[in-house]
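Same chain, two versions here, written out as structure tokens and called structure 1 and structure 2.
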Structure 1
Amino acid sequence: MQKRKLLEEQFFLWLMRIVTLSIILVFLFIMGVIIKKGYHAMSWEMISQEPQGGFYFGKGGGILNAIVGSLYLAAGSTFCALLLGLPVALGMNVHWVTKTKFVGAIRFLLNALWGVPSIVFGAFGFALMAYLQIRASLLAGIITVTLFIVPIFIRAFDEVLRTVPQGLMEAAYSLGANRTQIAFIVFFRQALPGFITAILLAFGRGIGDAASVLFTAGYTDHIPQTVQDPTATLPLAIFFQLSSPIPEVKARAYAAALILTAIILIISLVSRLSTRRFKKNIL
């Protein structure tokens, strides 16, 4: 009996070790393939030039249009998401902190919205464009991606704001501060690392998502000059070039995938480092 118990424990322990190891190996495998394939196709030309004539038949040029387009799009929509999301996240923890039912309902709503796939936002954005009479452009892309990342941002920021001790609010009230001052000065300061993580998370989602911009942002070989111009994005650049039968064009998709992965890695790293740096202000 004792022996069987031990055997069972040993069996599952090894199974769990193997499974955990396999997750790490798959992770390394993915990174390895993306880096190796992308490195071979990478050149300075890729990240410094717009597509030249005959680019999609394997001639010269790069994907600067998609890199800059993606950065514009992600920065614009992160800014809009900040405008909408910051007050709601702070309000949920300061203004309405006593209305637990209402805050609970908003959290429920955010959870539901958080899981809605980006393709649904893309389809809705397309319907909205037809209604507002705007064509596929940077603006339409920013609107769609904003709707998509607002719940992500609020949820992430709210997680951290909830950990701010209630005593701080009481202390601030007793010193004569009003709700806005408590929210934007006390609570925001306390949750600053979480705020940065949330912003970077939303930015990363915005820059990496393809399905929501497929219908709404269009595609062009040029860097957009105004918000009404269509814009190229990195995920779509990868997607379109990978489906090309020409090997040189395919190779560029690998390079573009490496650039996108590198951006995501940098975001992840900055998020970690800055969180550490801003922690010193926290009580």
Structure 2
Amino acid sequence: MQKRKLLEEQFFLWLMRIVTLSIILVFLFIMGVIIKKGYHAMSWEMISQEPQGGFYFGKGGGILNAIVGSLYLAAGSTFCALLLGLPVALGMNVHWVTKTKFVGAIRFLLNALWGVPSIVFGAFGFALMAYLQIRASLLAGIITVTLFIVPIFIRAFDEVLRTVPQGLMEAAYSLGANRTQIAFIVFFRQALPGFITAILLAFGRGIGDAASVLFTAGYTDHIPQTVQDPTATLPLAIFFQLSSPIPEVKARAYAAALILTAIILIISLVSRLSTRRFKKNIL
């Protein structure tokens, strides 16, 4: 019996190592392909200029419009998701903590929405645009991406809040605190590292998605000046340039993919560092 248990432990240990190594190798392979095909097109002009005349035929210019547009879109949608999701996540773990069936139903719906393909949110956003008579713009893109990432933000922050000891709530009640004070002073402070992680996770999903903004954000060679203007995004820039038959334009698509990957990696790194820092401050 002991030998069988040991064999099972060794089997799953090696399985874990193989799967982990496979994931690392796949990541390195993807990065290698992107770097190999895209670094030739990388230049200061590429990240500091808008597309110029003939850009899509291999001539001068850059993708600054897509970089700024992606940041605008991801920042705006993350802010809106924060406004919508924070009260819900705190309510599920403080105000409605005794209503287990109701909270369970909310979690089930959020999990279902998390699994819905982003193209479905894009189609819904397009239908909503037609109903509200809103043209393709930064505003329409923000609304659509907000609907896409708000379940991600709520569930990510909810899982962190569930780890906060319930004894803190009882202690706060004994000191005369109300539910709002418990939610924002006790629970929010304890879950602050997870809150930052949830924000950055939502931001990363928002900046890297193409399907949800394909019908709603439009595309332009200029940086949007208002929320009513259409906006370019890095995923769409990659999509449009990669479909070009011109080798120089395809190389720029891989360079744009390299920039997008770098942004997401930076977000992940900032998330890890911020989490560690705030954990130390709380402790």
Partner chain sequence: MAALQRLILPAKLTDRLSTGWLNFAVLFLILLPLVIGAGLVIKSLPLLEQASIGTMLHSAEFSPQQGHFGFYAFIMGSVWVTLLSFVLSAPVCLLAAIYLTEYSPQWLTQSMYFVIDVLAGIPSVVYGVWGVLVIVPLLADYVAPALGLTTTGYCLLSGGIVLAIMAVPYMLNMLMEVFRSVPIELKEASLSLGATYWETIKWVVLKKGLTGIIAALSLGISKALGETIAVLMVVGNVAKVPKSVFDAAYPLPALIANNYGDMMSVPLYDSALMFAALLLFVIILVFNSITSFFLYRIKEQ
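For residue numbers, the reference is structure 1: its sequence is counted from 1. If you superpose the two forms and keep the largest set of C-alpha atoms that fall within 1.5 Å, you have the rigid core. Computed from a prediction, not measured in an experiment: that's the story for all the values here.
Q) Looking at both copies of this chain, which one is the form predicted on its own? A) Only structure 2 matches the form predicted on its own.
Q) Can a Cα shift of no less than 2 Å be assigned to residue 261 between structure 1 and structure 2, given superposition on the rigid core? A) No, shifts by less than 2 Å.
Q. Core overlaid, residue 22 C-alpha shift between structure 1 and structure 2, how many Å?
A. Residue shift at the C-alpha: 3.3 Å.
**Q.** Value in Å for the CA shift of residue 13 between structure 1 and structure 2, taken after the core is superposed
**A.** Its C-alpha position differs by 8.1 Å.
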